[in-house]
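What follows is one chain in structure tokens, specifically the form predicted alone.
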Amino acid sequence: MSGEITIWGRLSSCNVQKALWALEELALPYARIDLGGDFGGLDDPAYRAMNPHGRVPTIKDGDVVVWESDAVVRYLCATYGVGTLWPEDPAERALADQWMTWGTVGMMPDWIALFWRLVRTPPERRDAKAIARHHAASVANFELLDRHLAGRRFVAGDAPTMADMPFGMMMYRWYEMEIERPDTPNVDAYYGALLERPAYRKAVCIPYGDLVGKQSF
């Protein structure tokens, strides 16, 4: 680890936003290189040499290269955020880790499917039944999260941790999409707490108008 961290990925990528939020929250110096979407470059041999899957984000910290957004977040938090984003106590860290994992593998699939089918799919190609199915599943997940957040300011307690990265990334678009949302006062309060953080607003609250009707990465 040395000097400035480099991150590859476009600002409008939700997975890149997770990594950028961690970098901003930790106040780490970094340089970002646009990649993916309209910028292309995912099949560039030099990039594939770092990330064989050709997705974003990828970071380079000295000689260390990390790809996959949750792995990137965990690396940054474990390396630079011990005691803050990376809880020192193993039990507290497990709590953060399990919710972070559920956010990505349990909650995000239906949320991202809803976003793709409702926002990134042109109106004439939308599948109303699929949209309804993913919306219902997302509502159930947000209601579950709401129950968990009762008495908590953030996902793993009173202060943000790595657990918040996948949930925070979803919140902005969830509240911006033109959809019916359930009554989730604890989630509402959580989103309000996130919006109070400059690092979150800078990394995650990015208008996604350039993605409307666009089905390419």
Ligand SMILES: N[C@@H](CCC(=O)N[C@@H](CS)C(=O)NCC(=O)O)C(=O)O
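Fair warning: this is a prediction, and the values are worked out from it, not measured in the lab. In this text, residue numbers run from 1 along the sequence as written.
One more form of this protein, predicted in complex with the ligand, exists but is not displayed; see below.
Proximity of residue 166 to the ligand in the model of the complex falls outside the 4.5 Å heavy atom cutoff. In the model of the complex, at least one heavy atom of residue 68 sits within 4.5 Å of a heavy atom of the ligand. A residue is said to contact a partner when one of its heavy atoms sits within 4.5 Å of a partner heavy atom; residue 162 fails this definition for the ligand in the model of the complex, lying far away. Though the partner is left out of this view, residue 56 does reach within 4.5 Å of the ligand in the model of the complex, counting heavy atoms only. Judged by heavy atoms within 4.5 Å of the ligand in the model of the complex, the contact stretch among the candidates 148 to 156, 37 to 45, 175 to 183, 23 to 31 is 37 to 45.
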